[in-house]
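Coming up is one lone chain in structure tokens, specifically the form predicted on its own.
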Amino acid sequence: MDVLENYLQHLCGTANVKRDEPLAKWTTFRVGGPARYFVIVEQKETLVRIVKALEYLNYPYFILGLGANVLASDKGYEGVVIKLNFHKIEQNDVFVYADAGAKLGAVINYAKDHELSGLEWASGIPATVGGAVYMNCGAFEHCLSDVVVMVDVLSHGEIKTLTRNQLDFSYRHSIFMEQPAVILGAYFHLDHGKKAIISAKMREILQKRQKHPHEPSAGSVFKRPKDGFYVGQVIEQLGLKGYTVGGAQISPQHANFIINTGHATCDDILQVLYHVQDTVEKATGVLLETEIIFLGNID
């Protein structure tokens, strides 16, 4: 056991520190090689201590939520993957605070139970609060920046609170993509509502999501490049639905999803992704950008 592993076990407990842990177990794509260290962190204070130590050592790390928007390399990750497992949610009138490790679905249900409206559109999105803020996740013409008012972060060894104006939110974008920081928690400004009405809206959204593929995937692969450019529709019109490399396939159900049909590798998924980008660019002049975050050495 080396010094770093010993330190991580001291902070997190032996059971919460794994060596050479397959990332395929922790991503919704179900692909990915081993992380050198995989650490489950139960407390925010522990996360802060670990991150400060790793940054002091200049040791690479990656914060993982539900792994629902991540493509992990077949070669794995030569660093520390930190899985958040703290998930406090609190309310103060129309304001709700949630830890970065809280599931977005848990926040939505908490809001419903406290008769607070404004997050129903996000029902069914597989994300933690930290990941959702990082990506400024969205659906059905809404996005998280509609309701996020502040975010607690760890930046350069200091805990800070950033206001909405400092977060540089835009379509599938936040300031954290250019200025890395560890998201610790977020504050939402919601509206008073009736539980029955909120529940009905949530059921309606979940019903719409039934049209999405149920095979392992990372959700929508490509960002919408401009208004009126419907990526899935364009990919389908170009005859790419069902295009397959190894175990990776453009979903026959929704063309903006790449699915793992059983034994896909990261390389299979990349080959499908690149083929779509190349085909769409040749046909339309538009180079599609991905929503997916790449983890590890991606060729």
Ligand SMILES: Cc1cc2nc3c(=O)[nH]c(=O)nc-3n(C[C@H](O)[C@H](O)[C@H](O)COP(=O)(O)OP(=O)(O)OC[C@H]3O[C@@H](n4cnc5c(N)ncnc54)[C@H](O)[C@@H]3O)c2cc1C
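This one's a predicted model, so the numbers in the text were calculated from it and none came from an experiment. Throughout, we count residues from 1 along the sequence that is shown.
The form predicted together with this ligand exists for this protein as well; it is not shown, and the discussion that follows is about that form.
Visitor: Does any part of G32 reach within 4.5 Å of this ligand in the model of the complex? Heavy atoms only, please.
Guide: It does not: once this ligand is placed as it appears in the model of the complex, G32 has no heavy atom within 4.5 Å of it.
Visitor: Although the partner isn't part of this model, could you tell me whether H114 comes within 4.5 Å of this ligand in the model of the complex, counting any heavy atom of the residue?
Guide: Residue-level check for H114: no, no contact with this ligand.
Visitor: Y134: heavy atom within 4.5 Å of this ligand in the model of the complex?
Guide: Yes, Y134 lies within 4.5 Å of this ligand in the model of the complex.
Visitor: Does any part of V81 reach within 4.5 Å of this ligand in the model of the complex? Heavy atoms only, please.
Guide: Because no heavy atom of V81 falls inside 4.5 Å of this ligand in the model of the complex, the answer is no.
Visitor: Among V39, A264, L64, I250, which has at least one heavy atom within 4.5 Å of this ligand in the model of the complex?
Guide: After the contact test, the surviving option is L64.
Visitor: Answer with one of G76, G219, G105, G118: the residue that has a non-hydrogen atom within 4.5 Å of this ligand in the model of the complex.
Guide: Selected option: G219.
Visitor: Run the contact test on I50, I89 and S155 with a 4.5 Å heavy atom cut-off to this ligand in the model of the complex and return yes or no.
Guide: Checked in the model of the complex: no contact with this ligand for any of the three.
Visitor: Where, among 66-74, 50-58, 234-242, 270-278, do residues come within 4.5 Å of this ligand in the model of the complex by heavy atom distance?
Guide: Partner-contacting stretch among the options: 66-74.
Visitor: Quick one: which residues from 148-175 get a non-hydrogen atom within 4.5 Å of this ligand in the model of the complex?
Guide: Stretch hits: a single one, R172.
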